[in-house]
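Only one chain is shown below, in structure tokens, and it's the form predicted on its own.
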Amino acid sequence: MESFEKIWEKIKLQLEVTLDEDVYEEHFDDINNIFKVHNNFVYLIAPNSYVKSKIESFYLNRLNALLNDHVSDKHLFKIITKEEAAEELNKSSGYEINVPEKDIENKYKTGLNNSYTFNNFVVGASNRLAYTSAMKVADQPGVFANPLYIFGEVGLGKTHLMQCVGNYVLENDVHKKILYAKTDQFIEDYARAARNKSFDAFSQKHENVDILLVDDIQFLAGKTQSQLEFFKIFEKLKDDNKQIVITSDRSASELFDIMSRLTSRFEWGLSVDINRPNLEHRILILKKKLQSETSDPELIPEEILEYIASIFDNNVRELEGALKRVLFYCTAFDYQFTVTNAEDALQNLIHSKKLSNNNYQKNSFNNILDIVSSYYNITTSDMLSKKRKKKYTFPRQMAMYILKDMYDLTYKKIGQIFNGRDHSTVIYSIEQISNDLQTDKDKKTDMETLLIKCGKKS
């Protein structure tokens, strides 16, 4: 077989003929050498993170197809930056040409996104524990913490971090069998297995692995048969010291309608949460994203990044989406990157965000009213009414106290929620409950229970 350097020269010639001239020059003209070949990965060094991101997003499949026209055993290209190459050189010594691995094609059917790596995961105070734990699990699968349970709100990087584990392990040992499965897909596959009476094949697919990555486990709620099957798979993998990583939007103890013997096992290993990033962390995330979106990481001034980070604070997904919108808006219309133009670009997103937040708050307030009224066996309309019997006034006061405690609303706002009651009535009600909690153990117990039901975290 020809050397990989010669093969890459031929592939570049094919690309030069088939791609537009500007596309070829921007993405491939400066990639002249193979960095190394290891575990059937052929490493190419991209000039920067932007070019790496574009190749991975748009051209990697084409590159791999061209590569495997020239080799007898399956190989895959891996794109790294100069900085990543320097780190690799510190670990080893230059080229590492290996003997091709047999039957490698099936080993890469894992569902993993190869762009999810520890190198491009931005670490801050909100996710440092989760990141460190995932690194240790990737370094010692089945030993450090099993299962690793990662939980947090939508869009904060749980899936990214979970797949970092799989990609890290696979890159260091091509023989490892890793399966990434979304819970809703697991449920669909199980239903199909039940229809086709193919339970053995389903079980083997999930049990015959070294690492099982299961995303959004909360969707198992209410799926009794799928829960029983997952329980069997969990037990088998755990007994065999195979690593399990699970993500969820809530802690294991807060999972709803999932059998207790399953949730208790989720807590056997290590549970780590990812919280919303603070302003400084969000700016770092934007800077990292900018490197993969443009060849000039200084294109957008710091003040614009600060502006975006100050507005979009819910999750990483909306934060990165806002950055891409500003980039497209200013580039497409040839506008300067200024805060004013960024405001114009994001005007509709900010408006939608405000509406969404208002609707979310309204739903949250209504949920609290429903929980409290149900707890005291009255209707929500009774609670909001002018009825003055104690069976209605006491739950009403409890609900007012909870709204103040959880959301720190103004007394006027709480009065508006309760059909326009005067703020002095609200003040009296909250003070009354506050005094009762100091002296009445039963009421204190009720309040603690209700706060948990309403979603307050201790």
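Every value quoted in this text rests on a predicted model; they were computed, and no experiment measured them. A residue's number is simply how far along the shown sequence it sits, counting from 1.
What comes next is about the form predicted together with adenosine-5'-diphosphate (ADP), which is not displayed.
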(message) At 4.5 Å between heavy atoms, only one of the stretches 294 to 302, 117 to 125, 223 to 231, 197 to 205 reaches adenosine-5'-diphosphate (ADP) in the model of the complex; which one is it?
(response) 117 to 125
(request) Check each of 332, 86, 154, 143 and return the one that places a heavy atom within 4.5 angstroms of adenosine-5'-diphosphate (ADP) in the model of the complex. (result) 154
(message) Can you work out which of 75, 160, 282, 78 has a heavy atom no more than 4.5 Å from adenosine-5'-diphosphate (ADP) in the model of the complex?
(response) 160
(request) Look up in the model of the complex whether residue 308 has a non-hydrogen atom within 4.5 angstroms of adenosine-5'-diphosphate (ADP), and give yes or no. (result) no
(message) Is residue 212 near adenosine-5'-diphosphate (ADP)? Define near as a heavy atom within 4.5 Å, in the model of the complex.
(response) no
(request) Spell out, yes or no, whether the shortest heavy atom distance between residue 326 and adenosine-5'-diphosphate (ADP) in the model of the complex is within 4.5 Å. (result) no
(message) Against adenosine-5'-diphosphate (ADP) in the model of the complex, would residue 317 count as a contact residue? Criterion: heavy atoms within 4.5 Å.
(response) yes
